[in-house]
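Next up: a single chain in C-alpha cells, the form predicted alone.
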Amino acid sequence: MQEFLLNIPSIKNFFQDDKLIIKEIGDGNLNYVFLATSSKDSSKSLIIKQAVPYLRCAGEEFALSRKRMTYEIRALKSYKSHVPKIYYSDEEMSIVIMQYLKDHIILRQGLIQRVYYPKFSEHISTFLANTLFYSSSLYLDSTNKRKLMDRFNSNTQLCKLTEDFVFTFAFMPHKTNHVEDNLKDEANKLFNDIEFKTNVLKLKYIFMTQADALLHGDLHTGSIMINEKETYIIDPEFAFIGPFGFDIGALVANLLSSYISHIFVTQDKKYQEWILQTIKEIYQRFEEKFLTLWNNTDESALINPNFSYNQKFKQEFMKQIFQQSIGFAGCKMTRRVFGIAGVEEIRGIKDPTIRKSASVLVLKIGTSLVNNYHNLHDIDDLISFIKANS
C-alpha cells in the first residue's frame, strides 16, 4: 500500500519522502479504514478508506458491489461544509484518502462519555439545511435536479440494504437479528404487531419513492466526528436522492437512544435534558435556515416567479418534513433493538437487566413514534411526547 500511496502526487506532497506506518483502524459495518502516518512526524496522518465486495459486518456471503464508494466520493464532494478534506479519490479503485480528524472523536462515544457539545446543533442544522435545500427542486432547475438524480440513484445495493435492515428484517424473524433470551417475548410481540408493521410499510414506501434531495443515507451518531469547536460528517456511502426527513429522523433516533441510555446507565438528568434540548435546537435551527434559503429563492424547478402561492403551502410542506422525520426516527430506533446493527449505548450495556429495561423503552418510544407521527405537529410536541413516555 505504501508504494501505491506515495505514487499519488498529492499524497507524496503531503508526506514528502517519509516512510509510512499503516494500520487498520476501522470497525464499521461496510468498509476497511486505514491510518497512514509519517514515520518521521507522527502529526502527519491521512485516512484511507476502501470498499470490499461484501458487507463487512455480515461476512463474504453478503456480496456487495464496491461501487458504493463511488457514491461516498460524490457525496463528500457535493457537500458544502462540515466534511473532511479530500486529498485523493478514485471511483474505479473504490478508494478515498482524506483528512485525519485526530482531534475529534465519534459523536456516539462523546455522548456515552457525557460530553457537552455547545456548537453541535448549529453545525449539524447548517449541514442539513444546506445539503437538503440546495439539492432539491426548491433550488435546482429541472435539468440539474435530474442530473443529480442520475449521479446517485444507481446506489441500488445500499438502498436495498436500508430497505431490508431498517424497514423489514428487524421487524420479523430473520437470521441476521440479535434477540437475547430475556427479550424473546418483546421480539415476538414486535414481529406480530400488525399496526406497527403496516405503518413501517408506509414509511418504507416513502423512502423508496420520494426523491426530494441528496441524503447522507446513514446519518447516525457514529457518522459524525466532533469536538467542542468543530463537527464533521463522514461515511456517506449510502447517499442517494430520497425524502427530506430521512437523515433528520436518523439523527433524532440516535440522539434519543443516547437519551434513553442515560436514563438507565448514568441517571444523569442534566445530560438527558441537554440531549432533548439539542434535538429541539437542531430541528428549530434546521427549519429556520431551510425556510430562509427558500424565501431567498425566486425561481427553481418548483417555483416560477410569476406563479403566486400562499404561505399555507410552505407551512404544510415543512410540517410534512417534520412528521416524516419523526416516523423515520421511530423506525431507526426500533430496528436497532433486534436488527443486525445495534447501537453501543443500548446493546453495549453490560448489566443484562438494565440492558433489557433500556431496550424495552427504546421499543416503546420507537413504535409509538411510528404509529403516531401524524399526530405530532412540531418539535415541542415531540419533546413533550418523549418526556411523557420515558
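One rule holds for the numbers: they count along the sequence shown, beginning at 1. Just so it is clear, the model here is predicted, and its values are computed rather than measured.
In what follows, reference is made to the form predicted together with a further copy of the same chain, a form of this protein that is not presented.
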Consider Lys202 of the chain shown here, and say whether it contacts a further copy of the same chain in the model of the complex, taking contact as heavy atoms within 4.5 Å.
yes
Can Gln277 be called a contact residue for a further copy of the same chain in the model of the complex at 4.5 Å between heavy atoms?
no
is_contact(Lys289, a further copy of the same chain) in the model of the complex, heavy atom dist at most 4.5 Å:
no
Proximity of Arg146 to a further copy of the same chain in the model of the complex, heavy atoms at 4.5 Å
yes
From Ser89, Ser137, Ser121, Asn130: within 4.5 Å of a further copy of the same chain in the model of the complex by heavy atoms is Ser137
Students should find that, of Glu230, Asp268, Glu163, Glu180, the residue having a non-hydrogen atom no more than 4.5 angstroms from a further copy of the same chain in the model of the complex is Glu163
Non-hydrogen atom within 4.5 Å of a further copy of the same chain in the model of the complex for each of Asp150, Ala301 and Phe307
yes
So which of 109-117, 96-104, 193-201, 77-85 is the stretch with heavy atoms within 4.5 Å of a further copy of the same chain in the model of the complex?
193-201
Within 4.5 Å of a further copy of the same chain in the model of the complex, counting any non-hydrogen atom, which residues from 235-252 show up?
Phe240, Phe244
